[in-house]
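One chain comes next, on its own, written out as structure tokens in the form predicted alone.
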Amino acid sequence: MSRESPYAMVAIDDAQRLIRERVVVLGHELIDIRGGLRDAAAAAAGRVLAHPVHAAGPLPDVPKSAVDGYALQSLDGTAPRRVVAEITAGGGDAGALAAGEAMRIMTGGALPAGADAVVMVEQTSERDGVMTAHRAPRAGDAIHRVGQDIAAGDLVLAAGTTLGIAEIGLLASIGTVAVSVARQPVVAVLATGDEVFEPDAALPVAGVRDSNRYALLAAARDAGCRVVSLGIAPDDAATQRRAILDGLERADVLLTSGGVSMGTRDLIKPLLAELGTVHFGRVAFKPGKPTMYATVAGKSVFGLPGYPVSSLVSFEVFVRPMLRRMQGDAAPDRPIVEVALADAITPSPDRPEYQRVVIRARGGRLAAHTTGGQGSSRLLSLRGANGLLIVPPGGRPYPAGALLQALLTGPLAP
């Protein structure tokens, strides 16, 4: 019996291309950014716009004061002016202002007809209803012009934009509460293995707690998806087959954990080959060489390794970009940045490796600090990491100060 894998080893770029070619963008749905819930903004946060949003009208819609002060005519210079009214923000039309007059105005108040400037209150004095400006105002001073922030018809948010804090605020500011967004993919996650148990179960000898399923469910949520937990399937072909079909029935994408290596009880690859098409079964990268990708009835299935770090790094490199593309995200890939090594590191001799690092801004450039031991089972190597250092293979260590690329997976560390 051959001890070789039946699957050719593919390069990382080729694996990513094979996945991209099979991305199916999901349908659209209309959501209200108010949500009708206490947690309204959270319902829109993270969703991806399916269509562009344009402004129906200008913002501001009328000239408004940028400060607390006095609305006036600049041609009057510093001559004393009679204060004839007070305008509050949202107070409506205060009428027209004539030469020699001023109106007290609050920040955001609509400029009265005839006024072409506002002088801030700190630059004035007022006594017995007469205001004197301490300097000559110029036309346009302290005024927010019509359309200064957004003109009528302006593109406010493009299709493919992910809604965040500023985007939700912008939509509210132009009066757009209903927007079309891509449907969130449903991701089902199945753990496999006789040795795998729920985290709170009593462990037998050689048993392991199921960290992968819960971490992958969290990773899929973080990628903007809804999730389904399929539990743990023991190493039995019929049981795993039923679980795979159940996941495909309930979800758009299926992730399995474990059962993709060369052991006699590694059943996922042959099952997926039977049910659909395996597009790759091994990838030339570390950690996660046994990662596989298949399609069954047009749906994507990823067989991820059983080691926790391998599983999550494979998700980051191969699965997450696809899930973002399925939502129409215009920028589905994590940024790649150049970093200087803070520590010497040893590369894998034969495969590119994604080492876990903490990336900080130091001395005008980005520095990458290792998270310690990089073993595939050491989940602690991911704790606090905000980057995956892309280490080309080779026979010599990379010294501190060497420049390499890294996938930036989170905000820069302090």
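Worth saying up front: this structure is predicted, and the values here are computed from it rather than measured. Note that residue numbering begins at 1 and tracks the sequence as displayed.
The discussion below concerns the form predicted together with adenosine monophosphate (AMP), not included here.
Colleague: So which of 208, 75, 340, 330 reaches within 4.5 angstroms of adenosine monophosphate (AMP) in the predicted bound form, heavy atom to heavy atom?
Modeller: In short, 208.
Colleague: Adenosine monophosphate (AMP) isn't shown here, but in the predicted bound form which of 246, 195, 116, 252 has a heavy atom within 4.5 Å of it?
Modeller: Here the answer is residue option 195.
Colleague: Counting only non-hydrogen atoms and a 4.5 angstroms cut-off, does residue 101 reach adenosine monophosphate (AMP) in the predicted bound form?
Modeller: Flag for residue 101 set to no.
Colleague: Since only the chain is shown here, I'm wondering whether residue 314 would be in contact with adenosine monophosphate (AMP) in the predicted bound form (any heavy atom pair within 4.5 Å).
Modeller: Residue 314 lies outside the contact set for adenosine monophosphate (AMP).
Colleague: Heavy atom to heavy atom, is residue 306 within 4.5 Å of adenosine monophosphate (AMP) in the predicted bound form?
Modeller: So residue 306 counts as contacting adenosine monophosphate (AMP).
Colleague: Applying a 4.5 Å heavy atom distance criterion, does residue 191 contact adenosine monophosphate (AMP) in the predicted bound form?
Modeller: Yes, residue 191 is a contact residue.
Colleague: Can you pick the stretch from 140-148, 79-87, 209-217, 322-330 whose heavy atoms fall within 4.5 Å of adenosine monophosphate (AMP) in the predicted bound form?
Modeller: Contact-bearing stretch, as computed: 209-217.
Colleague: Along 158-186, which positions have a non-hydrogen atom within 4.5 Å of adenosine monophosphate (AMP) in the predicted bound form?
Modeller: Contacting residues: none.
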